[in-house]
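In the form predicted alone, a lone chain appears below as structure tokens.
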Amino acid sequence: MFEDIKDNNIYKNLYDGQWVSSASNNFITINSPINEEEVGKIQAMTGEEVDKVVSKAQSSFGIWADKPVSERADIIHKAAAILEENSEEIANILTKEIAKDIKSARSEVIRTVDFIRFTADEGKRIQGETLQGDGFHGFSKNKLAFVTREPVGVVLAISPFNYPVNLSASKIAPALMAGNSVVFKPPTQGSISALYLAKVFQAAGLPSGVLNTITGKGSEIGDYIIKHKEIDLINFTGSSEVGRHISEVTTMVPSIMELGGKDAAIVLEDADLEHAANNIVKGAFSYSGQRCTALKRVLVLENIADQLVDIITEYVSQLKVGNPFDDVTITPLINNKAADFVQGLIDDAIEKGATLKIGNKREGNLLYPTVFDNVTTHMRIAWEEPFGPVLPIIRVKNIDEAVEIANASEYGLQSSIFTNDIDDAFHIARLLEVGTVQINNKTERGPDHFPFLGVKSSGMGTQGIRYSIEAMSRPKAIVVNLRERSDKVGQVK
């Protein structure tokens, strides 16, 4: 079913219900991080073409917004079914394109199927309300407000490379369910997987122009898109640096942003250390740590540190490294630039006296899992987000010091607490300046109907299926003012 989205391995864009080529005749080659083989080429669109796409989304918005919610849900359910039918093909292209291990790629696609289905059902459950005026002093029952939820208009959805199917759908499906039209800008690396997803929605029967895609160089069209006057809301996942830039250059445009993190695991003296270490390693190293919710530092009480470090190191030594089509956890990073950055953090930690427990081995953009003990707050790795397979362990004297270091970060996405004392767990959770605290579990996104948010440099707004639908819609009040009646007909006795 995907034949029309490409021509000689050059991928087209969805515009007004058709797959079209850019008039620029310029392309971006997508090479696999696995072996640098070409996966395909995408169109490098122009600013004029961006104008056409956004205008088409605006003109198509009303058609979709007027559809009954049940009809929207039927189409979105159909998209989920089509995605499930084609899950293996999409998982394979995803693995080639971003070097995610095949097991995780399959899991991402199936999780997206479930996400889309839940979104269709949840959208039907979101209802308006009726308010009566006499609840506020000075007003009477004669004033009634009928409050409904309205779509915001054209949503610009910008997704990241690390979850090009799931995090694209997490923007597109709730936006559509709320009645919006969508302009979808996939990541450059990851765009082919994301275009497959766009095809799935088109095949499900979306009206022409309701979902359109844009590919191209961020340096050429990035600012042009985000500042476009016909964009009504921006839903962005990516780096905190880019998120800040979007916030600075846009004016009066609502934004939902999922940005970076430096998620900490705080391990207390009474924790189950085997359980903690197992979760920490899974949280830190799945997809080579290229996740905003990856555990990126451990804060452990001194008198249990030796034991925890030994268990973590043993678990890490068992991680398999290599080709993502094999049964491995650690795969090549997205590019050499990313690997160079992680290597820089490793080199800085070694130079400043951290104890290397395992790792610091590199083959091109493939970095072996690396663990450091005795990391101090003077090292870059204590604060900077690596987006790679490296885990710093910081020893702390007490809970207060652990909380102080955790909160000193510019980020505030998630944290984990490992303890068997529920009172300590809730006490620390209240002190941590993050969007979510996991107790006795690794940091992670989901289940997808839970709220997902960050504070400080980790984001703006709240996501999660119901929260996302509400964030991409707005309340509208219609106030009825009934006239006072002089007779007593119908008066309660």
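These numbers come from a predicted model, not from an experiment. Residues carry their position along the shown sequence, with the first being 1.
Separately, the form predicted together with a small molecule exists; it is not shown, and the next lines address it.
- Every member of the trio Pro186, Val242 and Phe452 reaches the small molecule in the predicted bound form with some non-hydrogen atom inside 4.5 Å.
- Stretch-level contact analysis of 220-228, 297-305, 325-333, 139-147 against the small molecule in the predicted bound form, using heavy atoms and a 4.5 Å limit, identifies 220-228.
- The small molecule in the predicted bound form is approached by Ile246, whose closest heavy atom lies within 4.5 angstroms of it.
- Put simply, Pro164 is far from the small molecule in the predicted bound form: not one heavy atom of it is within 4.5 Å.
- Proximity of Phe285 to the small molecule in the predicted bound form falls outside the 4.5 Å heavy atom cutoff.
- Contact check for Gly261: a non-hydrogen atom falls within 4.5 Å of the small molecule in the predicted bound form.
- Only one of Leu413, Val267, Ala79, Val390 lies close to the small molecule in the predicted bound form, with a heavy atom inside 4.5 Å, and it is Leu413.
- The listed set Gly238, Gly209, Gly359, Gly179 contains one residue whose heavy atoms approach the small molecule in the predicted bound form to within 4.5 Å, identified as Gly238.
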